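One chain comes next, on its own, written out as structure tokens in the form predicted alone.
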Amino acid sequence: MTSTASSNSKLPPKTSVPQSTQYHRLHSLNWTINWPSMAAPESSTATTAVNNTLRHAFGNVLSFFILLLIGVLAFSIRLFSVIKYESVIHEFDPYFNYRVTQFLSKNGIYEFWNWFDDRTWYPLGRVIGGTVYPGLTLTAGTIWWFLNSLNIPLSVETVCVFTAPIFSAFASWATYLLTKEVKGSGAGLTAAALLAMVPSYISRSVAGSYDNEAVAIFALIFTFYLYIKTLNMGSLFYATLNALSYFYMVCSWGGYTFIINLIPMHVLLCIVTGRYCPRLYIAYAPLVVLGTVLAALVPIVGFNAVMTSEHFASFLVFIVIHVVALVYYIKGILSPKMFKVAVTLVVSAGLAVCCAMMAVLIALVASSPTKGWSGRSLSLLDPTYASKYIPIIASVSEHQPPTWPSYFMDINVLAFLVPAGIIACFSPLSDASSFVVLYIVTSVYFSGVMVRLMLVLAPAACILSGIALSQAFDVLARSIKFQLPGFPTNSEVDAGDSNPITVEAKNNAPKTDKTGEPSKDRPSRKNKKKGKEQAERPSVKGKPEKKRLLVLPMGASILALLLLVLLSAFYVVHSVWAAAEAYSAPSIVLTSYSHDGLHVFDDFREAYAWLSHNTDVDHKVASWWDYGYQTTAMANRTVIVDNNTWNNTHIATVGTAMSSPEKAAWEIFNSLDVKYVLVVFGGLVGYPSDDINKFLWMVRIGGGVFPHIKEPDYLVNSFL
């Protein structure tokens, strides 16, 4: 009793204290007295912490091995072309890239930048270093140099053949990182597995497809990941890495303009919806400044990084975000009355700067007939532009709009999962999820204009489908778990107090940056007011409100789970078939099926070998521009035009010769010192891309420059 009295004498006098404060005081008092009843909770808490740590470590190790297997899958599914045929370069453009990589590995980087190629576009020639995107060539050349420095004697051709499958694994891992920033690691693993097998990406990354997209898709996804990472963390380090990744994308592919327009659109969307914060400024401003400076260092881009209309949107949003940042800064240091006056001045000055900027931009592009836009960009904004004004662009098969079956062929069941992923991104809506929604909307439009841009749609479709599948599996598995016989019966009612729900609440809790602001689910100003009003209201109940989860009936959950597994299996089967049959046959080797089996025609390589062995080195070969790269790379002969298509007049001259009578054609070819004409005819095996099928495009392109060539003269009753 004495000890109790002495301890009670140390207590403060009774006052009117809120119940929560009394609880904390008693809790601290109990901790000080060290009652024996506290030993059991301490041990249980320690055990729970150890179990959570072990579970987290095991999850990380399991995720690592799953990602490793996904990388192996992405690499191996693209090897059917090598297994079925041989290790050979595919298509047309990859042969030019292979030839440039050979020159780089033999002569070095300095000679590469200053290489004038006199075997193309005779008699004009071409400066290679200033007219190519060097990212792919430098990447493959670096890999070849590194392997040879380790005494691994691989040829340049072997490195070029396997570059695309290697970077497809990197793209899958980058997809995991991006999706993890949006909706967690479960969705990230699912999206990475989907991208590893999506047919649209396989079509451009099989072994032997040595084109710019082989490395550009990885650079595209990784740039988006670093942007979202910077937006979530507010780190200048990640912002710098983002600018460097954007620089690599600029070096790799002309599709970098998609990045420099999509990110400003997202920044403007965040500003308009009241979601501006300092992290948004850190994510965007360094990208525009440092990224533009680095992009201007690429010779093929140069001053186009600041002079063409594709980049103007980023500069205008750059001005807008500075005006908004200044307004928020003034709001924090001025009184409300002075703030209204200051805002009026700042907005007026910002509008004046924007108007001046617009006037300068209009003056810069007014002299251009296309108003500063490239032909391909205008054909994306206006799908009818190329067919009206630039037939050379419209003649390319990959620039045609896709048909509905091509969507099912290239993304398969993902087309049905994307809407569910969009809905999942709105619960809750964050800066990262709004970016993914904006990404899918824009990529769907561009893929509908040009079938080649199905490649840009594929990562967005995989990300949203991964989110949809991950959340669907989560709900269905949780519903089955809660209704198992051994699971506590009150867990469905008191789901908010159980361990799985606690873990989920922790996972869904927004991250905080150095300023203490939530990094993902940042509410708008209206939601902040609502949250403040709810916080100010007194709590009616003593207990905290319990979180209820969606629990479906056992039978429905099992049936839905089986359907999702069946849908995923169908996607896997279709992707493997597409990789093995549809996209693995190299165009340089033709195949035909007949009653006696498969026949392989190697006519292309035999024709180029004949030119190489039976003609002089200085002889000029004329052909339609499709075969220019292959003729130069495989036959080592000078060509008049090739796949670069930079000079429309030169191509129109060849088209005019091809569509003219024999005497007129001979005069044109003789003026170009042509000794041989390469013509492709595929009627015997049913080859659909021979010169007969391309003849009308020769007429249209030639007639665009030389008016005496008229398309109706070659038609009878509107038929060729």
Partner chain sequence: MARSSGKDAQALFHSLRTAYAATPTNLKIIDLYVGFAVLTAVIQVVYMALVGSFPFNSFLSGVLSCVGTAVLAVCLRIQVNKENKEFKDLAPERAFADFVLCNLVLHLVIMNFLG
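Keep in mind it's a predicted model, so treat the numbers as computed, not measured. Residue numbers count along the first chain shown, from 1.
The discussion below concerns the form predicted together with the partner chain, not included here.
- With respect to the partner chain in the predicted bound form, the three residues Val61, Thr142 and Phe167 uniformly fall beyond 4.5 angstroms at the level of their nearest heavy atom.
- Among residues of the shown chain, Cys277 is one whose heavy atoms approach the partner chain to within 4.5 Å in the predicted bound form.
- At a distance threshold of 4.5 angstroms between non-hydrogen atoms, Ala296 is in contact with the partner chain in the predicted bound form.
- Among residues of the shown chain, Gly350 is not one whose heavy atoms approach the partner chain to within 4.5 Å in the predicted bound form.
- Contact annotation: Thr257 falls outside 4.5 Å of the partner chain in the predicted bound form, judged by heavy atom distances.
- Residues of just one listed stretch (329-337, 187-195, 621-629, 200-208) have heavy atoms within 4.5 Å of the partner chain in the predicted bound form: 329-337.
- None of Leu236, Ile83, Val565, Leu124 but one reaches within 4.5 angstroms of the partner chain in the predicted bound form through a heavy atom, and that residue is Leu236.
- Though the partner chain is absent from this view, in the predicted bound form it lies within 4.5 Å of a heavy atom of just one residue from Leu244, Leu177, Met357, Leu590, which is Leu244.
- Contacts between stretch 279-294 and the partner chain, counted in the predicted bound form as any heavy atom lying within 4.5 Å, involve Arg279, Tyr281, Ile282, Ala285, Pro286, Val289, Leu290, Thr292, Val293, Leu294, listed in sequence order.
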